[in-house]
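Just the one chain here, the form predicted alone, laid out as structure tokens.
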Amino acid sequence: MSRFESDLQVVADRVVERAGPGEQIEAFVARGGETEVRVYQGDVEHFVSAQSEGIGVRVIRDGRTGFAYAGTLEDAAIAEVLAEARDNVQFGTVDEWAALAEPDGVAVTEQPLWNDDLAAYPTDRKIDLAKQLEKLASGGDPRVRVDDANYADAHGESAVASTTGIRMSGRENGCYVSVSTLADEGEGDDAETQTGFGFSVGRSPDEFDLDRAAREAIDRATRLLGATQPPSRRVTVVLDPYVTAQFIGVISSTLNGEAVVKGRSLFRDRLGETVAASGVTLIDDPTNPLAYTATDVDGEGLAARRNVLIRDGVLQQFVHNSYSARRAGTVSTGNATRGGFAGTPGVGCLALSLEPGTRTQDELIADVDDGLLVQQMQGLHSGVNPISGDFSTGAAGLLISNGTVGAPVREITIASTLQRMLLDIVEIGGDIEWLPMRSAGMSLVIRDVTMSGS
């Protein structure tokens, strides 16, 4: 959140002031909204403009936690939420680690997370952006038609206060456009259709690159036309930036402090050990304003911070909120996550990225004799076991032969283990892309991966 003194802070403060002897109380107050526009063939097919506000209250007493929330900020409702949270304490299980976050002295990194131009952007211009993107994507190749074009934005304002001394408020907003395409070729039994997508993100619509988003959506769809199923073999894979973002998103689940303390991470006992190739550095840095999910505070009101999780292949740390940190005998890394006022804090990476290299995707491909450029992966989360590390997922892409991209392939499975893939990383591209998710993308080269086809 971009820091400013919100009127919501007064609401949170008043709740905390009502704490009784032996009670810890946390109040999280939020309001926000979103706009979603979907265009099809020049017409608005779907439009949503939604607003919400509410409060969530946690009460901890004698190791038991009670929680309640309401989707209104009326005084009577707030009093009722506090009373209900107190009542719910008696139903909680005694937990020796139950406690609220405490100030840790880490300074907040100021960031430009609020954009006045976006806040004032007219609705008709938002719709025009989606229509313009659809027009660009549909006019770039006669084989391509647009499935839908979209504009989306969101804004949020929140405040948190606690009896342990947390007091923080702020606001942020952001937006993106996306387009889905279909490429058709052939007739009758030989007819086929391939899909593609493109998008652009920004703090303001003025930062969008609609031409690039349309071009990527066209290229992704048309490049896979005529795809066949190749013979099985072991190859070097080059992950497209979007696929890399999905891949490191899976890796993040193994570095989650909550999963570690519950014994659900394959890296739980490996701090200080080599877990990746020597050139691999993995960083969670929500203080980088280029990240779409950048923030200055976490879900408990602690300062967000740059955490190096893997440095030159060596596992340095896991991400923690205050609860998982207490269970692990360490301190919070400022990684509490919060979906809104209706839930309690979780833990997770906030803005994950590999430290990028210097070369383009074309330059990386030029060094691959026999490989596969992976453009799509299907069922990634269901095909990966974060406890054992087994990795097997459907994929589609383009074969690489003697440094040149060749024939498209589909109906293949790429398989290995997360442990092996991290150690087999050959090079990381310099083509970093900030995506509308918690992971950034860049091209990634991994050797010795099984490609199962015909």
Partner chain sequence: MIAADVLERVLAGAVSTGGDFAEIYAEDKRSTSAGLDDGRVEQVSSGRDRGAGIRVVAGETTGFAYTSDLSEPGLAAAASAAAAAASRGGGGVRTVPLSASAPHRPNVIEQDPDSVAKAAKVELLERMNDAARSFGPEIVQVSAGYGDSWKKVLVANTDGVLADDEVVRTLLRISAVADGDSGMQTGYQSMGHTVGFEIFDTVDVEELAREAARQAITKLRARPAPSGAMPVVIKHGTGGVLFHEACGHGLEADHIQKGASVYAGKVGQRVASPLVTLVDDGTMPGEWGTLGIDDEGHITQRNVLIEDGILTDYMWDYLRARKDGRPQSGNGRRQSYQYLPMVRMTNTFVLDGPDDPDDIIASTPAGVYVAKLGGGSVNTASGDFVFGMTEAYLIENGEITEPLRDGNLIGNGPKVLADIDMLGNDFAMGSPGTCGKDGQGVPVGDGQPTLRVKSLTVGGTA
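Heads up, when I say rigid core I mean the largest set of C-alphas that superpose within 1.5 Å between the two forms. Because the structure is a prediction, the values reported are computed rather than measured. Residue numbers count along the first chain shown, from 1.
Below, we turn to the form predicted together with the partner chain, even though it does not appear here.
Ok, Asp148, Asp209, Asp141, Glu355: which has a heavy atom sitting within 4.5 Å of the partner chain in the predicted complex? The option sitting close enough to the partner is Asp148.
Just one of Arg125, Arg306, Arg167, Arg264 has a heavy atom within 4.5 Å of the partner chain in the predicted complex. Which one? By the 4.5 Å criterion, the partner-contacting residue is Arg264.
Even though the partner chain is not shown here, does it sit in the predicted complex so that Arg61, Ser200 and Trp434 each have a heavy atom within 4.5 Å? Checking in the predicted complex: none of Arg61, Ser200 and Trp434 is within 4.5 Å of the partner chain.
Evaluate Ala415 for contact with the partner chain in the predicted complex, applying a 4.5 angstroms cut-off between non-hydrogen atoms, and reply yes or no. Looking in the predicted complex, residue contacts with the partner chain include Ala415, since a heavy atom lies within 4.5 Å.
Non-hydrogen atom contact Leu315 with the partner chain in the predicted complex at 4.5 angstroms: No.
4.5 angstroms heavy atom contact with the partner chain in the predicted complex for Ser382: Because a heavy atom of Ser382 falls inside 4.5 Å of the partner chain in the predicted complex, the answer is yes.
Non-hydrogen atom contact Ala68 with the partner chain in the predicted complex at 4.5 angstroms: Judged by the heavy-atom cut-off of 4.5 Å, Ala68 is in contact with the partner chain in the predicted complex.
Looking at 238 to 246, 86 to 94, 105 to 113, 356 to 364, which stretch has residues with any non-hydrogen atom within 4.5 Å of the partner chain in the predicted complex? After filtering at 4.5 Å, what remains is 86 to 94.
Going by heavy atoms, what in 41 to 66 lies within 4.5 angstroms of the partner chain in the predicted complex? Going through 41 to 66 in order - heavy atoms within 4.5 Å of the partner chain in the predicted complex - the hits are Val44, Glu45, His46, Phe47, Val48, Ser49, Ala50, Gln51, Ser52, Thr65, Gly66.
Is there a C-alpha shift of 2 Å or more at Asp75 between the shown form and the other one once the rigid core is superposed? Shift of 2 Å or more: yes.
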